[in-house]
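Only one chain comes next, encoded as structure tokens, the form predicted alone.
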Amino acid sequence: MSRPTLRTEFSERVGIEYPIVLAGMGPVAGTGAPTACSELVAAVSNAGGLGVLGGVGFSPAALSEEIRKIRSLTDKPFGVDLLLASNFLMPRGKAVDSSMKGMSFKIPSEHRSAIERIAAEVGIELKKAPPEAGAMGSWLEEGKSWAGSQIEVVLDEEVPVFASGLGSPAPFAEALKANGTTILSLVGNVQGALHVAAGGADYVVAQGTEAGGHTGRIGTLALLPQVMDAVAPTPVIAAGGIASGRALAGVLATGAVAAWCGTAFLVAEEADQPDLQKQRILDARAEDTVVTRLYSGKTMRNITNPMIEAWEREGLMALPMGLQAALIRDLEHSAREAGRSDLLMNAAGQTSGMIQKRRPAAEIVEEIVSEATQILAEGLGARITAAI
């Protein structure tokens, strides 16, 4: 049986068969490992999509090594996803040290008390976390930023596609484009879309609230056309709630040039995620995911758990990104020490309710593409009559 044909302007530009992009996911809570690791990235690219590495947790040396590992597993195009938030752009010596040193004095007493109550409520003994080995920023040279040091690797390794999962690509857009790198930027609202398009994004990724991990408040089908109208002629990639060929066909029909897919691949055999986290996604219903600021200070869709529920009942405003991680550091450490992995971050989207089994990434790509092409080539014509 011949392979189906499903191409768009995006797939032609980056040199892939199908307009399916693996979300650059990671790192996994408690492991430091990205879910979208080299094996999963290569598997998606080999299957005809675009694998994207979740690179934020890597030092420059480790990021370079992971990129080279991807190249040893595939000769197809791939990408790297990094965060370009303000604290990732500040040079060492000016930014707050993300190793958490010196941050404790900024945590309000009411938040400390809440953490103690939450630990008691979920039945774990609150223990002091040890200093983190290889903490963020520990390898930085004076005057260099976390993101800037990683971007240097993306440039040196001539990565075909770069994705900014958070923030504008503006500081690095000129250098990336001169290097032949295609730039994708994720947003959750129209204002953000205008910002990244003006900052040099070749493609704006409009992510609806259905998506797992860091996400916004607007549904994909409401957000997508508004972003397309706002940033035209910059093309738009759809994200959030796309885990089937039906959803892919739908966003392509809306005008998107590709789909950014995360949750669909969280249970792939190649995904570097603990078995418990994979099983919780398989067991989940759509309503079992919630948006919380517990883990990072920013809105994040996660499989719900008793710790999230206890945090939400406290009714406290989350602290800024970085400081919130410092707040819950001892709590997360204590959960791991107690063997309560069910309390840790388990990012996943609302499509969890339709994902039923673990399987290789190539099978996931094949099923999505097969269903989408059947709908676009035959299904719509059989069900709908239209005339101008």
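Just count from 1 along the sequence shown to find any residue number. Predicted model only: the values in this text are computed from it and were never measured.
What comes next is about the form predicted in complex with a small molecule, which does not appear here.
Remark: none of the three candidate residues (16, 38 and 155) comes within 4.5 Å of the small molecule in the predicted complex, counting heavy atoms only. Shown without its partner, this chain lists 256, 227, 211, 151 as candidates; in the predicted complex, only 211 has a non-hydrogen atom within 4.5 angstroms of the small molecule. In summary, among the residues 266, 201, 223, 193, the only one with a non-hydrogen atom within 4.5 Å of the small molecule in the predicted complex is 266. When contacts are judged by a 4.5 Å heavy atom cut-off, residue 251 does not count as touching the small molecule in the predicted complex. Interface membership of residue 56, defined by any non-hydrogen atom within 4.5 Å of the small molecule in the predicted complex, is confirmed.
Residue contact check for residue 260: one or more of its heavy atoms lie within 4.5 Å of the small molecule in the predicted complex. In the predicted complex, residue 347 approaches the small molecule with a heavy atom inside 4.5 Å. Exactly one of the stretches 237-245, 175-183, 108-116, 283-291 approaches the small molecule in the predicted complex with heavy atoms within 4.5 Å, and it is 237-245.
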